[in-house]
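Next up is one chain by itself, shown in structure tokens, the form predicted on its own.
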């Protein structure tokens, strides 16, 4: 048995029969052709909660950042699935390549980014993603899939549903803007106030990056200090009619428009105002600075985390009539 405790940011106790580190596309193709049994794919383990012990785990560690097209207004780069996402953001900001600076300090590897359609502060990876390169699990053949084919939505993609056992992402292609063509996105309140404190009246890519790092560092726990998987729940999208009814009882409840019929309500606000922020039951609790984050205070297993999360879900359903959905991937 091989321990997986150090391979998941929740720090829950887990193990597998076989752990294989995948470092090249050729190795991945060979493994796919030779393996017919079920396999668990793992990147940085930042969005994974182990409830069961998988038999075989492939640890994706394919590296590389290559410029495949360089124009006056934009650059196209191919990034290996095993590259650290935040390190990529830092690298791109240093190169003056824009488009992902708002996504700084999101934990995990680049190959997982399209699966989750990661997003923060008004930006999602689908805004800059051009394509992904995948290996077919059953044949070992390699395909390039355009972003329009991936079914990307709010924390959603075909990779989480019908393609879950079909493909393995080996690299992603991003289209990033160059100097003079950047679209600075600073409209989120937390960014605006932080930029004001920084006296950044005409913010640059680095200003946005610095502001986001500052905001996330202040409210999110470091997995190296306290085990967690980041945001545990998705922000629920509800009908405007339901939201308006809730406003009569909770007039301060925030929302963000989605379309003419629905709005997005911050799950962290719901959980906080239901009294869960800072609460602890056994080895599991809700982070004291951000109610959206469930933490492992030490010694918890996956089942204990799931049990705690269900108590929160039931509480929110009883109080607001809203069913919270997990963002975390349960194995």
Ligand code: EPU
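Everything numeric here is computed off the predicted structure, so don't read it as measured data. Positions refer to the first chain, counted from 1.
Below: the form predicted together with this ligand, not depicted.
Judged against this ligand in the predicted complex with a 4.5 angstroms heavy atom cut-off, the residues 220, 233 and 272 are in contact without exception.
Contact between residue 155 and this ligand in the predicted complex is found at the 4.5 Å heavy atom cutoff. None of the heavy atoms of residue 33 is located within 4.5 Å of this ligand in the predicted complex. Interface membership of residue 290, defined by any non-hydrogen atom within 4.5 Å of this ligand in the predicted complex, is confirmed. Although the partner is absent here, residue 195 is not a contact residue: none of its heavy atoms lies within 4.5 angstroms of this ligand in the predicted complex. The partner is absent here; in the predicted complex, the one residue of 147, 240, 120, 213 having a heavy atom within 4.5 Å of this ligand is 120.
Of the residues 268, 285, 44, 302, just one reaches this ligand in the predicted complex with a heavy atom at 4.5 Å or closer; this is 268. In short, of 197 to 205, 254 to 262, 177 to 185, 159 to 167 it is 254 to 262 that has heavy atoms within 4.5 Å of this ligand in the predicted complex. In this stretch, 297 to 331, the one residue having a heavy atom within 4.5 Å of this ligand in the predicted complex is 327; the partner itself is omitted from this view.
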